[in-house]
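A lone chain, given as structure tokens: the form predicted alone.
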Amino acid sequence: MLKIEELEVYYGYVIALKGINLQVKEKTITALLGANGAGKSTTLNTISGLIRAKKGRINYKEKDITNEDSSKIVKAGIIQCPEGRMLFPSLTVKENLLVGAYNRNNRTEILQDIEDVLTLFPILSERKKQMAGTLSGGEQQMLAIARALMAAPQLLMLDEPSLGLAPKIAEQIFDRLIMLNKERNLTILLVEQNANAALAISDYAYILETGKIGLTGKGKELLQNPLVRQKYLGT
């Protein structure tokens, strides 16, 4: 579904991505891991068209989308759930969900999808009329994912969905991602600081090291890799 070839990205004169190659197969969960500053968020933002690539190529469904306008990338079905949630705190839960569907026209389908995401995250149904800024951290993260789903993604990119969450809430988030992938065949590209959890649910994973791909492999195989366990899992 997505293929990145020799991608280079700069911030001014500083190189952030040093010719990375990465693939995301349809109906899989692919994890992108690495230390802070390794280039994970930069990769997602470049795919989304928020950052310009200096060199390289991004293909989506065999079409070159490198440096395409971000609005066209969203219309093509690539939806990013950003780090930090980026909700509209003064809008209600339902209003935030409607914002996620701004690019769609079929009101009947939109209302049905609202019901679907509220079923996926039942606590949001109870908070439907509550201002997003008054939700707990876990509820806000659920809302951020639900809002991204309202855009009807074909490729959902998540940036640090468990960041700052209690372990129990983070586990609920990962359970929902597995459900979306297995039951709805949603393709997911996951950037996550919790390497244990990310590798456990991923079909394939890439580990970034200061702008370069250091290791690749199946998620569960990397989970047992001694180098990965020592460097990223603390065991």
Partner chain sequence: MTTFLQQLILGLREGSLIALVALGIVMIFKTTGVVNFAYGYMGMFSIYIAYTFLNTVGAPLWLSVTICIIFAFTLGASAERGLLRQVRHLSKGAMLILTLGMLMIFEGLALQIWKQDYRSFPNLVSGVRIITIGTGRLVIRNQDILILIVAAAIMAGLFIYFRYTKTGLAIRATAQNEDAAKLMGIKVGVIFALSWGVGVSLGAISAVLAAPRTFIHPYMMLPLQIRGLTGAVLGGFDSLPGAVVGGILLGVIEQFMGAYISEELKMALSLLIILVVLLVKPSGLMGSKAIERV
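Residue numbers count along the first chain shown, from 1. All values reported here derive from a predicted model rather than from experimental measurement.
Another form exists, predicted in complex with the partner chain; not displayed. Remarks below refer to it.
J.: Heavy atoms within 4.5 Å of the partner chain in the predicted bound form: which stretch in 160 to 168, 112 to 120, 134 to 142, 76 to 84 meets that?
T.: After filtering at 4.5 Å, what remains is 76 to 84.
J.: Work out which of Gln154, Ser125, Asn103, Gln130 lies within 4.5 Å of the partner chain in the predicted bound form, going by heavy atoms.
T.: Looking at Gln154, Ser125, Asn103, Gln130 one by one, just Asn103 meets the 4.5 Å heavy-atom criterion.
J.: Go through Ala200, Met179, Leu50, Ala35 and name the one with a heavy atom inside 4.5 Å of the partner chain in the predicted bound form.
T.: Looking at Ala200, Met179, Leu50, Ala35 one by one, just Leu50 meets the 4.5 Å heavy-atom criterion.
J.: So, Ser70 and the partner chain: in the predicted bound form, are they within 4.5 Å at any heavy atom pair?
T.: Because a heavy atom of Ser70 falls inside 4.5 Å of the partner chain in the predicted bound form, the answer is yes.
J.: I'd like to check something about Ser90: if you look in the predicted bound form, is any of its heavy atoms closer than or equal to 4.5 Å to a heavy atom of the partner chain?
T.: Yes, Ser90 lies within 4.5 Å of the partner chain in the predicted bound form.
J.: Quick one: name the residues from 163 to 202 with any non-hydrogen atom within 4.5 angstroms of the partner chain in the predicted bound form.
T.: The stretch does not touch the partner at all.
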